[in-house]
Structure formats: C-alpha cells, structure tokens
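Here you get one chain, nothing else, as structure tokens; it is the form predicted alone.
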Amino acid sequence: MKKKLLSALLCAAMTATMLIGCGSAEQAATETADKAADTAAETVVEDTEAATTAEVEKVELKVWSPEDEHDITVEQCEAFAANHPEYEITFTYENVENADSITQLKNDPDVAADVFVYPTGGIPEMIEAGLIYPITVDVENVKSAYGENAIKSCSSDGVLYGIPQTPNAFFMYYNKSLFTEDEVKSIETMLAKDLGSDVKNFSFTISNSWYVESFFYANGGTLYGDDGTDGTQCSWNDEKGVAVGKYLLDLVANDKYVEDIDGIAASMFQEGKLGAVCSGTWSSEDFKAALGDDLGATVLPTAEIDGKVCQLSNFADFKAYGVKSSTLYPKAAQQLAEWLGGEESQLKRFEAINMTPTVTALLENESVQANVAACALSEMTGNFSTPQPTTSQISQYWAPVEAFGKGIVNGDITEANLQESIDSMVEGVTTKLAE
C-alpha cells in the first residue's frame, strides 16, 4: 500500500512538470515530490505503529515460588518482561512451597499458577491428571544447556515437562580435621579409623526411603525396571538385594555408626563428635558456621557389599519450573519458565540465596567452584546418582521401603527373617495401584 501511494504521488509530480514551463516545472516537480515523500513517510510511520500495536500481546501470568525465592523471582520476571517487548505482561505472585505446589495444582487448577516450581518426582501424577504442559518452545536448545540426569528427571517417555532449577538430593559432609579426602571415599575406611571414644565415624538415614535406595542401586539393583518406567518390577529381593540387607544389618550394629533420626547426626557433626554425615545443601550454612574451614563435602562413599566395592547411588531428583496445562498463554509461560531456569537467573539465584545451579556452563563459574556443597551436589547428581523412576507407581514406593528401613534400624528385621522382609517390601513397592 505504501509503495502504490508513493508511486501515484510521484507520477502526479512528473505530470505537473510536463504541463508548465521549464524553470517553473522543476520547482513544481520538486515541491510535489517533497509532498509525496512527506505523505509516504507519514504513511510508513502510521503503518509501523499499527503493526507494532498488533504484535504486542497482552498476557497475564501467575507465578508461584517459595517465600525465600520471592524477591529474586519478581526481579527475574521483570527482567523477562523487559527482554520480551512482544508481550505486555501483568504478573501475579504467590508464595507456595515446592513440596505443596503439585497438591495445590491438583486441588484447583483454575486458580493455580501458570508457572510454578515442583519436585520432578511428581511428574507422573501430573501427567496422568492432565495438569502439566510439555515444554516445546526452543526445546532442543533447552535440553543442551543441562546435564543428562537433569533432563531425564524432568522428562517422561522422552518428553520434557520442566526446566531444571536445582538438584534436590544429598551427598556427604565430613570434618577435615578427622578425615582426609581419600579416607572419606569408603565407608569401610571411615569406620576402621579410631576417632576417639566420644566421636562417631559415619551417619546415614537407613530408616528413610529417600536415602536407603542408595545401597540397593550400589549393588546393581533395579527399581521399576532398568529405566524406571515399569511399575511391576523391582529386583531388590534377589541375591544382590539380600546381600544389601545383610550389609545394612551389620552397619547399624557397628558402634561407630549413627542412624540420623530427628537431626541427631547434624547436632553431633556441628559439635565435632561425628566424622561424616549424609545430608543436602539445606545443612550447608549451619555446618559452615560450626566447622569453618574444616568443613568438607563430597559425593556419597563406596560400600563393600558381599566382597565387592560398590558406589552408593541415590535418587537424582530435581526441582523444576513447570507450566500448567490449562494456561491461557502457553508460549509466554514456557518462555518464562525457560528464563527463570536459564543461566542468568540461575546465577542470580546462586548469588542471592546460594542455590546450586543446573546449567552446565555455570558449574565452572568461580563462585560456584568455591562452594564445596554446591560442587559435591552437582558431582553427585551429575555423575553418580540414578534418575528417580518416572512411573506413577513411585507413589507406592515410599511406605514399604520406609518400613523396611525402620525394621533394620530397630531390630525387628534380622538375618533370619531378612528374605521374608525384603519380599514383603518388594510386594508393596510393585503392587498395582487401585484402578
């Protein structure tokens, strides 16, 4: 339209030139051409403004975040809006803890957030309930930014359902005045050392089903099949699993071992009365305040099970940004999730609240490298952990395994009834959910 208008006006100018005298003609043509150019320019501006107005989409996005992440979330949402002028965004913020987000989403999807943080272990139930939107925007670039375990934990059947925010797992802290870097590589080496009559050597949480799988995985056990998708399969009651059970019975009977119940191990560790304890980044600040430069952190140790050295391997679980399936703005919501889980936001979050990043490029960052807990967590989940199963049957896992672990710790399970106890645990883990 602009080109046709300009041509018509220029033609008019040329016609005027032909109808009047030479000197006057040139002046008239110039004036007419100037007017044509001005008119065309005005038309271009008007059309550009109209196009710009048409391209800006009004978007309303509700965002959930834990209270301690509220300020950084608001800051990064505003940064996202500034970097996406194609949207006119109205944000609504609510503080919802990660552990509660899936429950609240299920209770009332209509008022739930468009973008929220959730534990990746909840992906199967959200998929079955039709509550989570797959990540499809720029998905290949997104996948390339994170480690393999992080992407696996946010996926189901090869489909990505979240942006990895931070690992949600545990590793091992140790007191460098009591153990060397080499000694903490092995449970047997740690237990063999004499730290004094009032100091214990090693602590774990066998009675917690989020911890005890580490030993079964270490000895080659599989949970819900090789890839964690078959809810009817668990190998933990085979010969290898029974060997794990015997190892655990011996471990709790060792006077140098402490079962971490009700935070007892954390207290002992801070008092210098425990050499090593398995925990997560949530303990980092307290441990650092108590031990200072004597605080060390590393991956979980090995265990000598049935004469074989086995590397403990816990669940690789993550916290991730997800998008609800009923969002009215799926593209903008996905882009926001990707922004909040992206490199810039993760670095800001690490600097503000010490949250371990998942973007692989940040693992070489000088500040991250200087944080012993962040390094240990990243190495553990990146290289030694096993992605948590992605079948909805995982909801049936926790109670039977916890009961088994507690039975080991309190003495209800002995070598005499070990096989029976493990069989019962596996039956509970693999019993199909009621239709």
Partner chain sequence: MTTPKGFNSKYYRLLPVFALLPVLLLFLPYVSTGGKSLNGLGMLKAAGEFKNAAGAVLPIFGGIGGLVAGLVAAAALILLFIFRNKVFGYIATFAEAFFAFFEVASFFGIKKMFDATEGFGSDFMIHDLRAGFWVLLIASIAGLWITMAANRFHTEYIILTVMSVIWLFPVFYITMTALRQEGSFYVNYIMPKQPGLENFKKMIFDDSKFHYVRWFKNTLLVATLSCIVSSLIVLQSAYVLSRIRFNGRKVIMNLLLILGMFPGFMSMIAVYYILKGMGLAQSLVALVLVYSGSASLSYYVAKGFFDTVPKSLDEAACIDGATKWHVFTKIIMPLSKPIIIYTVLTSFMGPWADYIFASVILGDKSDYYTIAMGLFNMISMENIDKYFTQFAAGAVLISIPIATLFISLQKYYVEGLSGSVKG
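This one's a predicted model, so the numbers in the text were calculated from it and none came from an experiment. Numbering follows the first chain given and starts at 1.
Beyond what is shown, the protein has a form predicted together with its partner chain; the following relates to that form.
Student: Just one of G225, G220, P85, P109 has a heavy atom within 4.5 angstroms of its partner chain in the predicted complex, so which one?
Tutor: Checking each option against its partner chain in the predicted complex, the one that comes within 4.5 Å is P109.
Student: Please tell me which of S186, N254, T180, N95 lies within 4.5 Å of its partner chain in the predicted complex, judged by heavy atoms.
Tutor: In short, N95.
Student: Using a 4.5 Å heavy atom cut-off, which stretch among 101-109, 230-238, 295-303, 75-83 contacts its partner chain in the predicted complex?
Tutor: Result for this chain: 101-109.
Student: So in the predicted complex, does any heavy atom of L347 sit within 4.5 Å of its partner chain?
Tutor: No - in the predicted complex, heavy atoms of L347 and its partner chain never come within 4.5 Å of each other.
Student: Hey, in the predicted complex, is S267 touching its partner chain, heavy atoms inside 4.5 Å?
Tutor: Result yes; S267 sits at the interface with its partner chain in the predicted complex.
Student: Considering non-hydrogen atoms and a 4.5 Å limit, does its partner chain approach E366 in the predicted complex?
Tutor: It does not: once its partner chain is placed as it appears in the predicted complex, E366 has no heavy atom within 4.5 Å of it.
Student: I'd like to know whether S155 contacts its partner chain in the predicted complex, with contact meaning heavy atoms within 4.5 angstroms.
Tutor: S155: no contact with its partner chain in the predicted complex.
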